[in-house]
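Below sits a lone chain in structure tokens, taken as the form predicted alone.
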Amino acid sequence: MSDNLTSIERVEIVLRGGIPDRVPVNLHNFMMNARASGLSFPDYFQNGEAMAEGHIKAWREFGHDVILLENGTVALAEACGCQVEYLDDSAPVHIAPAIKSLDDVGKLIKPDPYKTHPLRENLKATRTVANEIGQRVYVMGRADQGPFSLASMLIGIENFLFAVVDTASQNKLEQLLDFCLDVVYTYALAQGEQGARMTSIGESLSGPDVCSPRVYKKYEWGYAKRLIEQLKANNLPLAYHICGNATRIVHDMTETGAAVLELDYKCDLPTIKQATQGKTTILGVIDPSGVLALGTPEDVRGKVREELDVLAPGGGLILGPGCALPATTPVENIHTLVETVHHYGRYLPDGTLIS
């Protein structure tokens, strides 16, 4: 079967609420690319040219519609002064905060994404991919973590979660979150300036697996909404990611106005479909580890068909892993994912799938 649309046309139709020729495919494959590069993980994740080459090579092999560029979850934290460790077999991790307490918020310095490591390398990767293949594939340059998650790294997760429930800390906590909002917004705009058609944030700490829906609504929701509105004013849509089972807050996530919700496999499929239909686009939600990394091609094929049946009708779906793919994910499973969507994810004009 031949496609009738380009990847960019296909994704943009979905984002507008229309029905494309088939469901677009996203791959969250930056760690797979690192492993395939032949470089050490620390060298790869600090080299914009290498990251770009890895994404371009993978796109040429798999032909997915959306490229999601990042080097992990701690780029902004490192740029703001946190200590991070570059691991030998995975993405870099946060190991120490930038400040000891909320009393030190005034000491934080906003990073210039064009000059500060590793943001400048991530921007180089986005720019290179956009320049070389950005007219053929939909490029999403991730703006790393959102204000809530970034704030937790800057003062340490325990200190942050304590401040969330300490009424005496509210003013200083809001000062920290305001600082983080400005940092994320500036980096997101820079991603757009490199040629990214969309940006993205992760806010997994705010989800129901860690925080209550009340905490989410009080401390996360408003900042996400403000960020989305600021980016919309600059014609840059945002994809909003929360790991784990976000089913209980998916209505609130939808009401932020995010163009895309990046949702995890733990979510209840009928509920998230009902909550988002006609309002936003779901990106996901295949299990990256249990199915794509550890399953057989038959497991992948079955799960893709199952999720297409629930999430694809009426549009509003970009199908792919619900979170980052492990570095060791078998290549044949990715080919199976893409081929199954191409075969079973095709639409009739009324939004039903071709049986």
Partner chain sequence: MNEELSNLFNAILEGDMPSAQSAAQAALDAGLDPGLILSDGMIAAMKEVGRRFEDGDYFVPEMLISARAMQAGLILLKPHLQSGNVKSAGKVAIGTVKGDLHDIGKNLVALMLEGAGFEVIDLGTDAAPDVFVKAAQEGAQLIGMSALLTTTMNSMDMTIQSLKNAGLRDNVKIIVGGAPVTQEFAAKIGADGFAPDASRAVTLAQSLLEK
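Numbering follows the first chain given and starts at 1. Everything numeric here is computed off the predicted structure, so don't read it as measured data.
There is another form of this protein, the form predicted together with its partner chain, and it is not shown here; the text below is about that form.
Asker: Looking in the model of the complex, any heavy atom of residue 165 within 4.5 Å of its partner chain?
Answerer: Taking the distances in the model of the complex, the answer for residue 165 is yes, it comes within 4.5 Å of its partner chain.
Asker: Does its partner chain get within 4.5 angstroms of any non-hydrogen atom of residue 271 in the model of the complex?
Answerer: Output for residue 271 is no: heavy atoms all beyond 4.5 Å of its partner chain.
Asker: Within 4.5 Å, heavy atoms only: does residue 326 come near its partner chain in the model of the complex?
Answerer: Contact with its partner chain, yes.
Asker: Counting only non-hydrogen atoms and a 4.5 angstroms cut-off, does residue 234 reach its partner chain in the model of the complex?
Answerer: So residue 234 does not count as contacting its partner chain.
Asker: Its partner chain is absent from this chain, but in the model of the complex, do 90, 158 and 210 each have a non-hydrogen atom within 4.5 Å of it?
Answerer: Judged in the model of the complex, 90, 158 and 210 all sit within 4.5 Å of its partner chain.
Asker: Taking its partner chain in the model of the complex as the reference, which of 104, 255, 85, 182 has a non-hydrogen atom within 4.5 Å?
Answerer: Going through each option in turn, the one that passes is 85.
Asker: Select from the listed residues 172, 225, 266, 120 the one whose heavy atoms reach within 4.5 Å of its partner chain in the model of the complex.
Answerer: Of the listed residues, the single hit is 266.
Asker: Which of these stretches, 111-119, 150-158, 133-141, 172-180, has heavy atoms within 4.5 Å of its partner chain in the model of the complex?
Answerer: Every other range fails; the passing one is 150-158.
Asker: Given a 4.5 Å distance limit between heavy atoms, list every residue of 23-48 close to its partner chain in the model of the complex, or none if there are none.
Answerer: Residues within 4.5 Å: none.
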